[in-house]
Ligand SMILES: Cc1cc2nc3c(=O)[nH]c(=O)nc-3n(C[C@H](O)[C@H](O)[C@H](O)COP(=O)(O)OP(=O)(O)OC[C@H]3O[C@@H](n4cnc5c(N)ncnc54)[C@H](O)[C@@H]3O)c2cc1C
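First, one chain by itself in structure tokens, the form predicted alone.
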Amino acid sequence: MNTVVVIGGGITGLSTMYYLQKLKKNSKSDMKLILIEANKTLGGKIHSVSNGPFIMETGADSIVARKQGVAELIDELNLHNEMVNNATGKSYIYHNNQLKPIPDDTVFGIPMSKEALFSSELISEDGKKEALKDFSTKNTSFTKDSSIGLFLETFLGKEIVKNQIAPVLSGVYSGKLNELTLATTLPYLLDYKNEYGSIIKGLSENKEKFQSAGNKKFVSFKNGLSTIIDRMEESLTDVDILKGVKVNKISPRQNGYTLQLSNQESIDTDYIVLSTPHTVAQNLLEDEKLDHDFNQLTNSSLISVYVGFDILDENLPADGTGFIVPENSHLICDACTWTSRKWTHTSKNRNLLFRLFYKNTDSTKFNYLNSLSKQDLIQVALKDIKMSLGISGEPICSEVTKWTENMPKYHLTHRETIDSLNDTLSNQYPNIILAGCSYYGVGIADCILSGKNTAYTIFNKNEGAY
């Protein structure tokens, strides 16, 4: 009987165990499955908090509905009756001290038609004309490992990238566009450019992929995103789950490994899945041969501030769900989601609930913010809300979460680094596998897929092709 231990009980670790248990059951295998989580609860960056009439997510707030495997997993977990979609509406960019709508018919601010391009209030007429060169220029040098910022500027022009695209994409992927690759962000843009001769035309030809379900692209649950974590935990009936236990050391043994735990116990195992932040994996493995690649991986930081008011949601601009703040604005926040508008289930009385994001794109500013107390950060958020929306008053509830150096940030050589790391790992530590957002995608759907792929890799090694 082989043993598999997954270290890390976030969505990746849970997904790995969910699919391993499924494979084990279908094949009537005797594989032993153990999940170890250092915290007393599972979920990692997914955690829903109920506070009075509001539901707040301290980490991720939704799952991208159209991503591979999401619908299938929700169906298998019998969560359809709990599922909610985002309310549709306009997103804004805080441009020249005003909220300007991101045009309809765009993907991450990238227009899907000439009409969407010319309707923008964020770009000058000259900037719109410059973007038309996308239809007449060919790609001769860009690959998926190229900078997405340089790619977009080359074919669409600098103004639309600076004013309309960069604020959106930089916010989603936590980095400057010139430091992010096409492969780790939107690889299909290169395919569209090469196939259709135009990014805009390629998006237009594939519009249905991005506008399915009436633009309801995201999924959560009536009682918060933790619902999927709780349901997955409930489903793991053939898995030993150890919570509040840390792995202190991994030691090789003949044909496997021994784990030394913080509760003074040890576990012998044949396979280990490290579904932890890369810094934790590096510390557990303690191997100079791996350190060079591990040290190439980078993280960013984020402060999230929720404030809820005893003020009706209708006080917000009509048909809006939030705004993004570009660089060099007098606002301190990087983005503001009108949570009660975007996710109506989060506010029982339809009162205002805001979530503001503060990222470490400016290290000096962020270090100052990170030094502030919870109450001081709430005051910063209230000032941003008043300046941008004219709404003032004392909140009836709040929640502050700091993710310090814990948000994966992919750079231009990320894929090469992961390939090199996996090569060294397979040679030095057979059957130890890295999984999760540090390596294979930051979204929840990416983590679910990483867990599923990991499960199949282990099972195929153990049982043969299935």
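Note that the coordinates shown come from a computational prediction; the quantities given were computed from them, not determined experimentally. Sequential numbering from 1, following the sequence displayed.
Just so you know, the form predicted together with this ligand exists too; it's not on screen, but the next bit is about it.
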Fill in: Complete contact of 36, 355 and 442 with this ligand in the model of the complex (any heavy atom, 4.5 Å)
yes
Item to complete: May I ask you to check whether residue 429 falls inside a 4.5 Å heavy atom distance of this ligand in the model of the complex?
Response: no
Fill in: 4.5 angstroms heavy atom contact with this ligand in the model of the complex for residue 20
no
Discussion item. Under a 4.5 Å heavy atom criterion, is residue 280 part of the interface with this ligand in the model of the complex?
Written reply: yes
Item to complete: May I ask you to state whether residue 46 is within 4.5 Å of this ligand in the model of the complex, using heavy atom distances?
Response: yes
Worksheet entry | Of 397, 65, 418, 407, the one that lies within 4.5 Å of this ligand in the model of the complex (heavy atoms) | 407
Worksheet entry | in the model of the complex, the one of 90, 246, 128, 162 near this ligand [non-hydrogen atom within 4.5 angstroms] | 246
Discussion item. Given the stretches 23 to 31, 418 to 426, 48 to 56, 431 to 439, which is the single one in contact with this ligand in the model of the complex, using a heavy atom cutoff of 4.5 Å?
Written reply: 431 to 439
Response to the item:
Within 5 to 28, the residues having any heavy atom within 4.5 Å of this ligand in the model of the complex are 7, 8, 9, 10, 11, 12, 13
